[in-house]
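First, one chain by itself in structure tokens, the form predicted on its own.
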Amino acid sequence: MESPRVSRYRIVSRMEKAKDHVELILEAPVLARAVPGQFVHVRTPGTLRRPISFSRLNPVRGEAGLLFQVVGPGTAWLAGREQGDWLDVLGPLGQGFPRPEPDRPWCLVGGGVGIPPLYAALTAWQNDVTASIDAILGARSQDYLIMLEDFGAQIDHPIAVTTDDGSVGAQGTVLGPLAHWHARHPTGQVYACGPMPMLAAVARLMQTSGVAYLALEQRMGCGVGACLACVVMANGPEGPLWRRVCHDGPVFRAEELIWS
């Protein structure tokens, strides 16, 4: 794994992926060798950098993708960057997903902007998995659903989709399809990323059997474990302790975390 560094990378492509969602592809050989689930801290106008997970990693081409939602002035500025512009980036940062076990059924569960790092994991490791691979993608509505076509190009059977309003797929959350998947594959492995309530529900569902790795979405300050702004409560050998999402995560095994 590469040591984190501050570098400037050129944008080679910009894509509108859904309403208020933009993906930037960077010419970045160092970042392209990152582990799916890791992230970068991108400098934008203002005090704090913005943490963004990798949406795709192509070490052959030396390119890395960053897909984000416009939610404030920092990400609005970032969305305004064009092909040929340069970004000031710190990374790669954090602990990514482990390589999936090849003989266990694998399910990728993403909610909202939690979907992109799962696509990076899929494209990195799908050829290593000999068991079945499934994906469940959730969003507020059809307008905000991202990367369905990308997943569809990699998985040769239907992808489960849920939306809060039922505008596409089944109305509801990803927990319904995941419960059905878990009933069919009780010893399977789940990689999930999305809002914290979704991840807590995934952890509860998977506590009876199987294994789940969760990539947490958290506000961050420094991104390198110094400021303690992104801590979560976890189980330690001698009792509860604080873990830093930016340094110890953002990927944790589900049973490591304390859900209250």
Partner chain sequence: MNLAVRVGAVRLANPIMAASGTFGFGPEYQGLVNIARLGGIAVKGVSPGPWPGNPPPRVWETEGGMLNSIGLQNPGVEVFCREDLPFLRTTKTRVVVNVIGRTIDEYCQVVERLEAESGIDALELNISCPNIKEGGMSFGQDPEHAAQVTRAVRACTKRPLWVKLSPNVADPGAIAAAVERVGADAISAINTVVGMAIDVKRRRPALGGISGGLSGPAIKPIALRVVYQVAQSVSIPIVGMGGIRSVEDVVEFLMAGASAVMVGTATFAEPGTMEAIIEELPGYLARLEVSSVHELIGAALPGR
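Residue numbers count along the first chain shown, from 1. These numbers come from a predicted model, not from an experiment.
Note that the form predicted in complex with its partner chain isn't included here; everything after this is about it.
In the model of the complex, at least one heavy atom of Val224 sits within 4.5 Å of its partner chain. By the criterion of a heavy atom within 4.5 Å, Arg43 is counted among the residues contacting its partner chain in the model of the complex. Contact check for Met220: a heavy atom falls within 4.5 Å of its partner chain in the model of the complex. None of the heavy atoms of Val35 is located within 4.5 Å of its partner chain in the model of the complex. Here the chain stands by itself, but in the model of the complex one stretch of 128-136, 111-119, 84-92, 167-175, 84-92, has heavy atoms within 4.5 Å of its partner chain. Of the listed positions (Ala79, Ile155, Ala179, Val71), a single one reaches within 4.5 angstroms of its partner chain by any non-hydrogen atom in the model of the complex, namely Val71. Using a 4.5 Å cut-off on any heavy atom, the residues of 47-71 that reach its partner chain in the model of the complex are, in sequence order, Thr47, Leu48, Arg49, Arg50, Val71.
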